[in-house]
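Only one chain is shown below, in structure tokens, and it's the form predicted on its own.
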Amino acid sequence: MSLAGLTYDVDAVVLDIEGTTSATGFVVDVLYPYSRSRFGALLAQRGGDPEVARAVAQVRELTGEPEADADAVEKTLNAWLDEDRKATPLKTLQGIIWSEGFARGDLVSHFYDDVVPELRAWHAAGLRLYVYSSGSVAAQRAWFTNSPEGDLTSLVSGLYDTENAGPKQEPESYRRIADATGVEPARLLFLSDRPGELDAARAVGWHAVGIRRPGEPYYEQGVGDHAQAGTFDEITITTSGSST
């Protein structure tokens, strides 16, 4: 498929984060170690917090170990981290840790240079922007709040993860998002670097464009028969008679 000349008449764009708006390497090399070093303290000191307790219960359910103690849960979380497993309780606990790290100023998120200018232009043109990431909603909010260019949350109309929408390679998840946003599937555009996610979005009537950035894990694999772009500024979007 062509790497340029992509034009879509839609009302909303739904964004993946890793490999799409932002470098996977930053997540793997910076955020993963940060959370790994803090799982133990979180479980030991705040195991009674409702969100932490719920995530721990989900870990026990997924592993079939209802009596697993904090040490066993931490080992499971680290094993999932090594596998890059998109497990909801892992993402929940990472989100708590990352949100606090961003708030303390320990962390600043990463965006590719072409992303923020296009998000601002699309938003100014009346396009609605949403995020759908395997990272938790809390992590997404912290990510957009603490960018190198300041707080970007005003650009985003809603955040979706594997808990409030479902797994990213299942079409039903994209139906839920369309229903939640109130946008007709044919008026939604999904941007992601993962072909399985693009397939799932297209299966329920969305437009889908694969973002292929050199150095990203899915770059060599490609995006199948989907349209593709190397940067956001290769995509032209029209909405309500405006174009950007």
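Sequential numbering from 1, following the sequence displayed. Being a predicted model, the structure only gives us computed values, none of them experimental.
Not pictured, yet referred to below: the form predicted together with a small molecule.
Screening 72 to 80, 145 to 153, 88 to 96, 120 to 128 for residues having heavy atoms within 4.5 Å of the small molecule in the predicted bound form returns a single hit, 88 to 96. In the predicted bound form, Ser134 approaches the small molecule with a heavy atom inside 4.5 Å. Proximity of Val14 to the small molecule in the predicted bound form: non-hydrogen atoms within 4.5 Å are absent; the residue sits far from the partner. At the 4.5 Å threshold, heavy atoms of Tyr32 reach the small molecule in the predicted bound form. Taking the partner from elsewhere, Val204 is found to have every heavy atom lying beyond 4.5 Å of the small molecule in the predicted bound form.
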